[in-house]
Structures are given as structure tokens and as C-alpha cells.
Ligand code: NAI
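Given next, in C-alpha cells, is a single chain: the form predicted alone.
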């Protein structure tokens, strides 16, 4: 039985265009609306969906003023700043259709008593697979080799001189939560020299033992020991700009760095400079400090001294068709519980009413 009716629900999603019309499983798009319209309207709610989120006259800025619920994705986020919260007089719930709610000012959400929920676990397999793919394409120097074939050239030495094996390397993750742990599980069969991790929450003893991972006390110590570093932690006050020029100097010369967490964890100019100098041999990921990334973003065209090392793509690691099915279903479940006055799954609650409900966004 539904207890709540007549709410205004605003969803900021990404535009799928012809692809979304041809592929209805692209649920996270404006065209396919998370598959929620008919259900929401049958429950007596108003559902507004748009990708227009920039500027004071955008659909987002106008409609948020009297919206009760906001749904947005990490892939085309509607940024809920303190100023937006002040406009949003009726806002009660922010739902992330996916994982990662750093586009919402969480401290202000607490002050305003707005709940923040996300579909925890919906993207973990998808992102962990993307991380492993990024490691391999960097270490094996895949992108320059493929580009050579596209050009019609054939010069094995030009690509082989910067290609290595993943076997025998020290691989470390900054963050060993649901994704970081799965990354460690998936790279273990490549027979690395060692797996290490940094996280203020240690892995459970059995989980750490199963992957043979050694915990390191500081980020500085971790990066100094690793051939491959992967970032798998949320963006919050403690991780914004974590990988900066000073920390990059402490990396092993010629290390590879993969970031599928959040772009703003890394200083974009420092990363580009480190790649250009060769301090980093490669950088790959799908997350950017602003999304969509501007055309002049330094990560679009940065290269190492041998003309490779760039594995950047749009933010899509967590929005495979399989992941979209999971986060669309999870969003519906969150809304259904809210409408019926039921308790949410604890793992999905980032901010409760006026309080933190997770340790994932830093030590509180």
C-alpha cells in the first residue's frame, strides 16, 4: 500500500540520443528514464527528467526549487551545492542512481535534514573489471599499438619498448572497500609480486588473507612501493586533491596510475605534468573533475615521453548495461521504501535525517 502520493520527482540523467532509442537497456538515459515513468505516475507522482543542468536557467536549477526528491547519476551529475540546497525548499531525499554521492554537498544535506541514498553495490563488478582492463592496457602499451594499426603502420619496436607484463609487479589500491577488494581478487591470478592496500578501515582478516594483501599505513609509503596504483576510494574532504604534485614525486619513477573513483582525487595538472615528464608511465580512468569534461581538459591529450600512456575514456565504467539494470532496480526499491514509510537498506544510506550513516566518506 502506498502512503505517500503527489510528490515531485526530478531526475537529472545523461542524454542517450539514437543509442538510447535503439537500446532500451540504456536505462540511465533521459530517453529511458530509469524505467520509472509509468510506475511513478501510476502512484500519483510527477516525474520530470532532463539532462539540462548548467546555469541558473537550466531545468535542474528551476525544477529543484519545489522538487521533493532528486535523482541523479554520477555519470552526468546534478551538483547539489549549498546554494542549490537553499533554493530547494521542499527537498527531502537525494537518490544517486549508482554509487558515489560527492556531487551532493553532504554536510549541507545533514544541516538541511535531507536524506542521501545510493544504490550501493550496483557498480562494483563493473568498475573492478574496468580497473583491471585499465591496468592491462597501460602496462601492455595497448592504446599506441592499436592507434598504430589504425594509421596503417607496423613498427613492433615502437610499442614493445614500453610494454611490460603485469606478472611480477607490486600492485596497490588506495581504498579497499567493495571495489578495491574486488580489484585485488581479480588481479591475484596475474601472479603479482605483491598486493598492498591503504585504507583507514582494514580488510577483514579472512578477506586480506584470501588475496594475500598487506596493509600499508600511509599513502606515501604505498605509492613508493608500487608499480601499479589504483584509486578506489570515495571523494570527500580527506581525499580531494590527494594525488598532487608532492605525492606524485613519491611514486616509483615510471609507475602506472589508474583512477576510476573520482577525478578530483587527483590534481589534473600535476598528473598531466607527471605523465609528460615520465614520472608516471601511464594514467587511465573514466572519471573527471568536471563532467562532462571540457574539450581543453589536460587529460584528453596528455602523453608520456614515448607518445602513449593515456587510457582516458568518458565516465562509463559503472554504467554498463548490466550495471544500469542494477541501479535502476535499486533506485525503484529506494523510492518504493520511501513512499511506503519503510526502513531503507542500511548499506544504501549515506546521510540519514540530520546525521551521517556511513564511514565511507571519511573518518567522522
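Residue numbers count along the first chain shown, from 1. Keep in mind it's a predicted model, so treat the numbers as computed, not measured.
Missing here is the form predicted together with this ligand; even so, the following discussion is about that form.
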| task | Give a yes/no on whether residue 75 approaches this ligand to within 4.5 Å in the predicted bound form, heavy atoms considered. | result | yes
| Taking heavy atoms only, is residue 360 within 4.5 angstroms of this ligand in the predicted bound form? | yes
| query | Is residue 236 one of the residues lying within 4.5 Å of this ligand in the predicted bound form, judged by heavy atom distances? | reply | yes
| said: At 4.5 Å between heavy atoms, is residue 86 in contact with this ligand in the predicted bound form? | reply: no
| message | Considering non-hydrogen atoms and a 4.5 Å limit, which listed residue (117, 176, 80, 266) is close to this ligand in the predicted bound form? | response | 176
| remark: Exactly one of 134, 230, 96, 123 comes within 4.5 Å of this ligand in the predicted bound form through a heavy atom, and that residue is 123
| Check 100, 127 and 287: does every one of them have a heavy atom within 4.5 Å of this ligand in the predicted bound form? | yes
| note | For this ligand in the predicted bound form, the stretch among 221-229, 199-207, 88-96, 155-163 with residues bearing a heavy atom within 4.5 Å is 199-207
| request: Pull the contact list for 311-348: residues with a heavy atom within 4.5 Å of this ligand in the predicted bound form, in sequence order. | output: 315, 317, 318
